[in-house]
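One chain follows as structure tokens, the form predicted alone.
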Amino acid sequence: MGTAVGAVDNKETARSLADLNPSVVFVLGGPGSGKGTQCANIVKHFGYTHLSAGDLLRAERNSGSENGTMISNMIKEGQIVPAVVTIKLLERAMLESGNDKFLIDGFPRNEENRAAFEDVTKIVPSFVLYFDCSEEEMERRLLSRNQGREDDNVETIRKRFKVFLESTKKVLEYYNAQGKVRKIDAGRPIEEVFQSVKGIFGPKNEKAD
């Protein structure tokens, strides 16, 4: 019999993650909000490991593994990859990193992702770092960065922004009710945004040079 999608030794994974007792920060922001740049700064200054759910799925899809083939086939058929598959990839990356502090970028994308993550991993995030940026500013950045590439025209950008807002709204509401959303005005220059980020993570967490 083939291995089920995302199958890992659940007991082993759960026990190992429980032993790790990791600090997890979810990082959310629309396309062009600059969260990738800020995640790189947080890694450098505060010693977190940056995990992108999208990058992990792409890497697995391209790996030639049985899981990767299944993921690739699902995407080709227009199916949504189940949340548990992404979560298992995140778990594996966390365990392999040797770290206990993680930025999980672009996840959870919706309420189903959020509920599944907490259910499967038994981990509750420390907080959600939300990069709030206007649609106009994100449009300007993406068009400038990509020099108007076909796949980043205004219509596509607006569609991506709308999907982001609709899918993450309930996630932000859920964590906001728990006082766990740290909203950053991401429409400012990179250095100004990072000063706000540093204020959230605090000097006690900063890496010594």
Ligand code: ADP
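Counting begins at 1, following the sequence as shown. In this text, rigid core is short for the largest set of C-alphas that superpose within 1.5 Å between two forms. Keep in mind that what you see is a predicted model, and the values were worked out from it rather than measured.
FYI, the form predicted together with adenosine-5'-diphosphate (ADP) isn't displayed, but the following is about it.
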Is it open or blocked here: adenosine-5'-diphosphate (ADP) placed from its pose in the predicted bound form by C-alpha superposition, 2.4 Å cut-off to backbone or C-beta atoms, 3 or more ligand atoms needed to block? open
At 4.5 angstroms, heavy atoms only, are E91, S97 and T121 all close to adenosine-5'-diphosphate (ADP) in the predicted bound form? no
Can you tell me whether R188 touches adenosine-5'-diphosphate (ADP)? I mean in the predicted bound form, with a 4.5 angstroms heavy atom cut-off. yes
For R141, is any heavy atom within 4.5 Å of adenosine-5'-diphosphate (ADP) in the predicted bound form, or not? yes
Heavy atom of E137 within 4.5 Å of adenosine-5'-diphosphate (ADP) in the predicted bound form: yes
Contact test in the predicted bound form: V25 vs adenosine-5'-diphosphate (ADP), heavy atoms, 4.5 Å: no
Among N153, T37, N176, S65, just one has a heavy atom within 4.5 Å of adenosine-5'-diphosphate (ADP) in the predicted bound form, namely T37
Check each residue of 66-95 against adenosine-5'-diphosphate (ADP) in the predicted bound form and list those with a heavy atom within 4.5 Å, in sequence order. none
Once you line up the core, how about E91: does its CA shift reach 2 Å between the shown form and the other one? no
Is the C-alpha displacement of E139 equal to or greater than 2 Å between the shown form and the other one once the rigid core has been superposed? yes
